[in-house]
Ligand code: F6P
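One chain follows as structure tokens, the form predicted alone.
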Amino acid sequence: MARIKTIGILTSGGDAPGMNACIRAVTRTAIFNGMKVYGIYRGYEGLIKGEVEELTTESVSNTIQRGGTILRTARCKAFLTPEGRQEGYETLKRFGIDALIVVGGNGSLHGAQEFAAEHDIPIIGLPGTIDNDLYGTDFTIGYDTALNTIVECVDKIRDTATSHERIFFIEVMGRDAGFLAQNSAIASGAEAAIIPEDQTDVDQLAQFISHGIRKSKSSSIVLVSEARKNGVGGAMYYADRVRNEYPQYDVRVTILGHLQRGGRPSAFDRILASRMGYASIEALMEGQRNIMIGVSNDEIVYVPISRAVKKDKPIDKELISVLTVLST
């Protein structure tokens, strides 16, 4: 494969704390190895429209501690079409970009996979999502920071729950993956977590009421993954059920929403993003293409993008048992 001289980097989909640390690592590692770096603004939308600017070492100074993404991000319907992807490829050719690095979640990497299948350009994916739901990596960039944000909020809500003897249903992100809800429930000492991976024949709400409330607890915290695409689930759904089925309990709902995505990245996320950004350039110099950089057992691994986006990442079922036992 011809030596890569110029790379492009974009952030796509939902922002995640640590994306800037990742951009910084990619930029500085590429420049250190004699490459030119172009930042592509607003994800695939900017790729199609040609919103491209060269990045220097100074461009990424004083960014490692910042949340969000300095390259901005956007959803792009046009990139879902072959015509849109062709326009994006023309932008890469116009700027002489030899390889593309995409920082984002499942949808972003799925777009990268389709782009790579249609056009001859090496693509490296970096897992940037607070949901921690990409297969092949123990952690995704932004997950640790979001988890700590949730725990801090739950700690404060518990003061009110205890004072007023209420049940609080706290909704967190993760429509299709319960990593945030399950682990924040354990870390905050919550009484239960209702997550999509635990959809069994057992009514999770009834189980919580019988195990959590009826053991002389005057207040409770329940972490709930956000409602699924069909509208079923979410904190409001379960709170309404309690009001109808168990009217003796005082119920409140808190939806944390986009609060979970913001804020300074944790030390863990800064280090993870830096390692992954560095590894992406190393991978390109090794001749790798169409892979996602992951971390497994604290070692950098290469995962085919096709596997990362197609295979479901299982949650450790032992975590469900841990919470059940410790909340009784």
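Note that the coordinates shown come from a computational prediction; the quantities given were computed from them, not determined experimentally. Residue numbers here begin at 1 and follow the sequence given.
Quick note: we don't show the form predicted in complex with the named molecule, though the next part is all about it.
Chemist: Please determine, with the chain shown alone, which of 49 to 57, 286 to 294, 22 to 30, 257 to 265 has non-hydrogen atoms within 4.5 Å of the named molecule in the predicted bound form.
Modeler: Going through the listed ranges, the match is 257 to 265.
Chemist: With a cut-off of 4.5 Å between heavy atoms, is residue 111 one of the residues that contacts the named molecule in the predicted bound form?
Modeler: Heavy-atom contact with the named molecule at 4.5 Å: absent for residue 111.
Chemist: Is residue 101 one of the residues lying within 4.5 Å of the named molecule in the predicted bound form, judged by heavy atom distances?
Modeler: Residue-level check for residue 101: no, no contact with the named molecule.
Chemist: Check residue 190 for me: does it contact the named molecule in the predicted bound form (non-hydrogen atoms, 4.5 angstroms)?
Modeler: Judged by the heavy-atom cut-off of 4.5 Å, residue 190 is well away from the named molecule in the predicted bound form.
Chemist: How about residue 181 - does it come within 4.5 Å of the named molecule in the predicted bound form, if we only consider non-hydrogen atoms?
Modeler: Result no; residue 181 lies far from the named molecule in the predicted bound form.
Chemist: Which of 175, 119, 241, 252 has a heavy atom within 4.5 Å of the named molecule in the predicted bound form?
Modeler: Here the answer is residue option 175.
Chemist: Among 134, 124, 224, 130, which has at least one heavy atom within 4.5 Å of the named molecule in the predicted bound form?
Modeler: It is 130 that has a heavy atom within 4.5 Å of the partner.
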